[in-house]
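For reference, the chain that follows is the form predicted alone, supplied as structure tokens.
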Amino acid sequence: MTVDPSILERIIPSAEEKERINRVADEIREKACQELARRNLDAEVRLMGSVAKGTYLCDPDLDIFLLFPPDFPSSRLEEEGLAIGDAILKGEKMYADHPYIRGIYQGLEVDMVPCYDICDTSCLQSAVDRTPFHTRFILENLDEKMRDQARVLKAFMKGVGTYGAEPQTRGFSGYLIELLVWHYGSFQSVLEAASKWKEGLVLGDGIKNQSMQGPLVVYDPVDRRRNVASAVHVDTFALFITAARAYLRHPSSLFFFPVPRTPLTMDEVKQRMDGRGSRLLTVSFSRPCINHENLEAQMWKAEEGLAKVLESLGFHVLGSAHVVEDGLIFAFELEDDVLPPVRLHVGPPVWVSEAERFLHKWKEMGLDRPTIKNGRWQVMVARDPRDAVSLLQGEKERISLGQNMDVESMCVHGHQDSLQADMAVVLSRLLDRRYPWEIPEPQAE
């Protein structure tokens, strides 16, 4: 099975585009060299990432690295790296192991990253110090044909929603994709292997330790202490397996270029909810002033934290979703949003000292006399409140949220309020469960 040539034409940049990208990269490198000379700094400027490796897609990001000597003070590395990046890009401060600058230059997104020019990855002073070794490894081990195969796999991953190690995707980094092509040989071979993957797969040889856990472990050939796939979430891992199987059954350009998802109208949301008989709950917070990547990581944490508290209160969560708009919005589909009027409260074993205190309290407050079950006291008690909105609001202090999220700004909206509010985007994400490649192309009129 070969990839349709028309797909390759859309994936691989034209000669003119390659020339433009190289020209912009050279211009930024020249400006960075001038800034280093003006500041009398001994550092090298190198192009890294997918453009340097020849595995980039159309409209790529540029990764410009400033390589300082290993004995350069770390505080100055951060200070000078940010100053040079800001002088050229006038962008936003981002964070990895240490800050770097991201900005737009002549229409291309550019990361300017300071790091140390080390001789071996055993001498790492920060995670980004590995990047030059990654670039060299791909250039030395993937020929031009294999680099194009990496491009195809990246486009496929992008289309099905598994490309990117960032928190919003929790998926496969560009370097990991390149390593998969190196390991298996081609795009087709990667998909055939992935269709048979199981959780806990290990690829490559490395120094095994307890931190090497996850649905996929791929040892970094330039640093065998590291799992290149550590960012891959089990759901993203499973989604890629599902997409690989689906493509092998019925190849289609929709896997590479999916049709943009049109949000459901609120009338369509109401129709779906009427048919399902389940209930909606939405939660909103004010938006903190932090960069999008850090915010997305906190959104995932908050979504999981809210779902855990709802489950602990007795509500069965059928699904959840979140979006970042002017505020932060979370949506949950619940089996029901009102609990029964009574609950069983299980107390201590009969023979412990706390048993008398339990009996004294619940003889008067319980709906019936306490009884013994499996050696413990238990009693039927009334629930008040019983609705999800009130109960969740009452538990907001114990919800595990991101450190920058303001719990005091939390607002909880019940089923009817959620249907009446303008929440089409988050509710569409919650209720439209189609995979990207399953959305049909619009019919020509």
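Since we're looking at a predicted model, the values are computed, not measured. Position 1 is the first residue in the sequence shown; the rest follow in order.
Beyond what is shown, the protein has a form predicted in complex with another copy of the chain; the following relates to that form.
Although another copy of the chain is omitted here, in the predicted bound form none of Arg10, Pro13 and His250 has a heavy atom within 4.5 Å of it. None of the heavy atoms of Tyr56 is located within 4.5 Å of another copy of the chain in the predicted bound form.
Taking the partner from elsewhere, Asn294 is found to have every heavy atom lying beyond 4.5 Å of another copy of the chain in the predicted bound form. Another copy of the chain is not drawn, but in the predicted bound form it has no heavy atom within 4.5 Å of Lys31. Met365 falls outside the set of residues with a heavy atom inside 4.5 Å of another copy of the chain in the predicted bound form. Of the residues Ser189, Ser278, Ser126, Gln168, just one reaches another copy of the chain in the predicted bound form with a heavy atom at 4.5 Å or closer; this is Ser278. Site annotation in the predicted bound form: the residue of Ile241, Leu77, Val217, Ala231 reaching within 4.5 Å of another copy of the chain with a heavy atom is Ile241. Contact with another copy of the chain, judged by heavy atoms within 4.5 Å in the predicted bound form, is confined among 392-400, 62-70, 35-43, 377-385 to 377-385. Contact residues in stretch 315-335 (any heavy atom within 4.5 Å of another copy of the chain, taken in the predicted bound form) are Val317, Leu318, Ser320, Glu333, Glu335.
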